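Shown below, as structure tokens, is a lone chain in the form predicted alone; questions about how it binds or moves come after it.
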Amino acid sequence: MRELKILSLVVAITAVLYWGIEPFAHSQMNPAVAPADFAFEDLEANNKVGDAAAGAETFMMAGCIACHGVESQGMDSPMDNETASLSFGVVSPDLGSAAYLYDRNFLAMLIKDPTRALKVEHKFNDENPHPMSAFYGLGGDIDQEVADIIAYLETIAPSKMSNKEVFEDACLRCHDMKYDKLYMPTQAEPLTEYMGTLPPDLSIIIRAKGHNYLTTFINNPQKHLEGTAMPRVGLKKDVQEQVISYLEEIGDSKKDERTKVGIYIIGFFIILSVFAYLWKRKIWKDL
């Protein structure tokens, strides 16, 4: 009985300390941030109904293919990776999957005002313009022209992409994934100059940061790292989940197995504790 009293006291003290200290420590190490905003409410909605045929023409006249390829439509990237890296700091993305990946309102603002859409106004300005030129229209209703471009991109976007394909299109231009033998096409030196630091390999980021952190961070890096050069990615909610699922598949493939082993170990110690207590009673019962 004495041992049970001591155990109860230890459990009580531990519970009080945990209840009083852990929440504070957690709040300091992981400050609370607003939930991810997949509606991109800080951007104006483009509710225009786009015309894909007109959008294809506008897409060409706007000069998009001067920097971007659309491989699915037979338009290769106009620059090789080295030239693009030196010109822009990062390799320009192929736009064949843009409408699959990115939210419509985000995509509309990205075309009109890249720095605002990407939340990098603190880094780029009139003196230091963003590598992606803003689209100022062809003389008509700019919102309609943007809606037409998006409608065109929607017609050429794939209906389905694997988690790996999504990661490659959305993240691989700046990040390696060495666990899956994927390496960014952008050259390290121009990218470092462009970003201020070399973006990290993402092989174990899921284990370092966790699912909840990445959900808000990818959606808006400024919430966690104010002033970071990493842009808001602008992915749709289900597409972002594909990215995180891929990170879990590659970086934490043993998670389910580890969880099961943990449960078995806890069960083992519970059984061991029972036998240890019975053995102690047997040895000391006559004293």
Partner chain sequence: MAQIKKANGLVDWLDQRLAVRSLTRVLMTEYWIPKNINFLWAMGVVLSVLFTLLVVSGIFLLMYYKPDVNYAFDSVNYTIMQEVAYGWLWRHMHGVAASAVFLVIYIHMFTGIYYGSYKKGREMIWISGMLLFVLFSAEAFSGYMLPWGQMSYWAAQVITNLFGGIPIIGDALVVWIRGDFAVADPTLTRFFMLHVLLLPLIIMLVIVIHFYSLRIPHVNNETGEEIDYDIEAEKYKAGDKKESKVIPFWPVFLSKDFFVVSIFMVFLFYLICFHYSFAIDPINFEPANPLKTPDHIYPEWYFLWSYEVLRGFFFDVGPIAAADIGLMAFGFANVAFFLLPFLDRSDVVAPAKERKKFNLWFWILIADMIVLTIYGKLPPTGANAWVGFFAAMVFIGLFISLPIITKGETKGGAR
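These numbers come from a predicted model, not from an experiment. Superpose the two forms; the largest set of C-alphas matching within 1.5 Å is the rigid core. Positions refer to the first chain, counted from 1.
Keep in mind that the form predicted together with the partner chain is missing from the display, and what follows is about it.
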Heavy atoms within 4.5 Å of the partner chain in the model of the complex: which of the stretches 207-215, 165-173, 109-117, 83-91 has them? 207-215
The unique member of V261, M60, A45, V33 whose heavy atoms fall within 4.5 Å of the partner chain in the model of the complex: V261
Test of understanding: in the model of the complex, would E257 fall inside 4.5 Å of the partner chain by heavy atoms? yes
With a cut-off of 4.5 Å between heavy atoms, is K178 one of the residues that contacts the partner chain in the model of the complex? yes
In the model of the complex, S253 touching the partner chain (heavy atom, 4.5 Å): yes
Could you pull out the residues of 259-275 that have any heavy atom within 4.5 Å of the partner chain in the model of the complex? T259, V261, G262, I263, I265, I266, F269, I270, L272, S273
Using a rigid core superposition, assess whether A229 undergoes a CA shift of 2 Å or more between the shown form and the other one. no
Comparing between the shown form and the other one on the rigid core: C-alpha of V261 shifted by 2 Å or more? yes
